[in-house]
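Look below for two forms of one protein chain, each set out as structure tokens: first structure 1, then structure 2.
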Structure 1
Amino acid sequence: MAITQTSAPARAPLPGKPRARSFEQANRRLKWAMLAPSLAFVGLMIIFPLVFTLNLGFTDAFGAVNADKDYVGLRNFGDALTDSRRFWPAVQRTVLFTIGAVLLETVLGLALAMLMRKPFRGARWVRTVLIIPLLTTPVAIGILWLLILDPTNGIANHLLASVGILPQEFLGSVSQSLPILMLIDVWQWTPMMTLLLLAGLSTLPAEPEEAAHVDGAGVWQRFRYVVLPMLGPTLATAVVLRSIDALKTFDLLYATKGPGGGSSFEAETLNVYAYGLTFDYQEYGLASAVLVLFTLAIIGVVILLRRRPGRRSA
């Protein structure tokens, strides 16, 4: 289909035609009127809270946000960055949780996507079942697993007891909590990785793989040297999206471990820490500083993950 490009209408005023001029102005207003809701939304819901939080981060706001407060410069940022009892362990747990969960989700998601790539009987059912954890709210998932893993009344210990294994503390244990929470996250989000990668796989051309097959490449070689490089962009996008989400995980952790991420802070990530500073301690200045640092860290991670080999030279 040929597209005929017409030249843009002249912007010069039309002397002697005031009606045309008013149309021109009205069109410009229409443009802004149409944009206004989006601009208002971005301004009110994103820019204003960000600027407000940044501003609070430089104050000693405590008790009430609108109470009298003094500007304290970078003190809150300094306090957070030198806090080895809560802040740095929370950073460590956030990183550990994200890397562990996303790595497992990627590997399992890719494996499942490869298995489901070829049509098979009952594929639609399998996909429907896979979506169920995605549709459930994280708080409901947290409560569900809390009940399953309850050390005294939960079904997990009941099953372990039936094969002679001693009862486990699961989420009540300081050392088991974070790994178990990572596995719950994996249980919930692996299907999303599978669906994203399955969508990516369905767009790949069949010819290169067929050619490799004809050349004698085995299953692993075809996957490693043909499919994986072609799937790279989809894989990278899926990992970035999932990493951002995993970094921000809050509801699952709070629903299962409560304030402070448990009695020994064993599941306290940066998000849980900032929430506690805000709602349990009412230390709005310090909480805002932690949130600003957290936001910067997320932006840093996104930049890092987007810098794939070869992109710099492109």
Structure 2
Amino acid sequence: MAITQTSAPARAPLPGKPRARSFEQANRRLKWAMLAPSLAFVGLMIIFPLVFTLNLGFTDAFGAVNADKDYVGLRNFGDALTDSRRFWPAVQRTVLFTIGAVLLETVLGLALAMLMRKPFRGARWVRTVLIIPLLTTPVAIGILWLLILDPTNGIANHLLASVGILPQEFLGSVSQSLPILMLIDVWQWTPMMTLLLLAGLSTLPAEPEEAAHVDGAGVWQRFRYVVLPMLGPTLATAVVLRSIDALKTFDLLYATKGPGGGSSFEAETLNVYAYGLTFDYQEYGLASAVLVLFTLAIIGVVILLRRRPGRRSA
């Protein structure tokens, strides 16, 4: 009996791949179509003020923004850059305030994060207390510290007198105002640095540190050569974010020192200076030029801070 061999029917090509690809493309188009209105709105809200301020910086606008004005080219920028009485001292104070505050906040925040890294009794309460300064507005904090540091009735001088230290003027002093404001900023924003660095520490693997401990490395050696390099990206991000925010500090300074940063401009940063030009002197053209220069400086600081960690890691 002969057995006839029948060939198996040829398989049709698997359907679905072109359909899946077209579905992904349609999904991508739908995603961008849904995001487009929000992106356009955010872009407009960012680009329009920048372009408007830049355009105003090339004019001699004075008294009112919509008043008649003429284009004066780079005169406002030249006047700002050659002003050694207000502009450059404000730049110096801005740099000193930012570097001093961010440096102290980073060191204290890293120290507190390392102390809170291991679980202990009452950790939740400690973290809750740390968040309290962040929940308060800078204006309220400024008023609170004005009451504490009042030379006559403030509790700070009473505490100093109890240990035999003479009363201090604090925010009423030309020489003490900027350092005191830096310490107030440190009091408010160190908790944020602590929480950011604590979150970074919680994601680090434990094996490298345990291996270093087995090899005989001490606490400082493990921190310096194991923990700190692994924490580098988180630390760099925290420093960049806090530096940008410190550069823009205005409400705390204005709430404590008022217009001009004090009678002798002892706490006048670039933000306070630009605000005074705008609302006190109504020199909108010059104020816009100062703000443009300030924006360029912030962009330069961000680029500088972001490049260094990359080069180190490379």
Partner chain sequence: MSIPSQTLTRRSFGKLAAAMTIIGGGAALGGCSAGGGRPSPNTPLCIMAINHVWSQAIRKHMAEFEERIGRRVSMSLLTSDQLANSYNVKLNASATDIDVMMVRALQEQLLFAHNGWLADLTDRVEGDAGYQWADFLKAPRERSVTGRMVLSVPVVTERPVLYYRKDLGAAPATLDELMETALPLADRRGNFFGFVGRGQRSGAVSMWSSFLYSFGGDFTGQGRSAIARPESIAAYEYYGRLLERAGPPGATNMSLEQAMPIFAQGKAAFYVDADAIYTNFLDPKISTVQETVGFAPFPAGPAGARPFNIPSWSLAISAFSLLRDEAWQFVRWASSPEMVKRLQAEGIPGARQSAWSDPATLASFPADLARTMQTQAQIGLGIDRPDVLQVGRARDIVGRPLVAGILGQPVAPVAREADAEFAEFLVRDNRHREG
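Counting starts at 1 with the first residue of structure 1 and goes up one by one along its sequence. Under this definition, the rigid core comprises the largest set of C-alpha atoms superposing within 1.5 Å between the forms. Not measured: the values here are computed from a predicted model.
Fill in: Of structures 1 and 2, the one that is the form predicted on its own
It is structure 2; that copy is the form predicted on its own.
Worksheet item: Ala36: how far does its C-alpha move between structures 1 and 2, core aligned, in angstrom?
Response: Shift of Ala36 at C-alpha, rigid core superposed: 4.7 Å.
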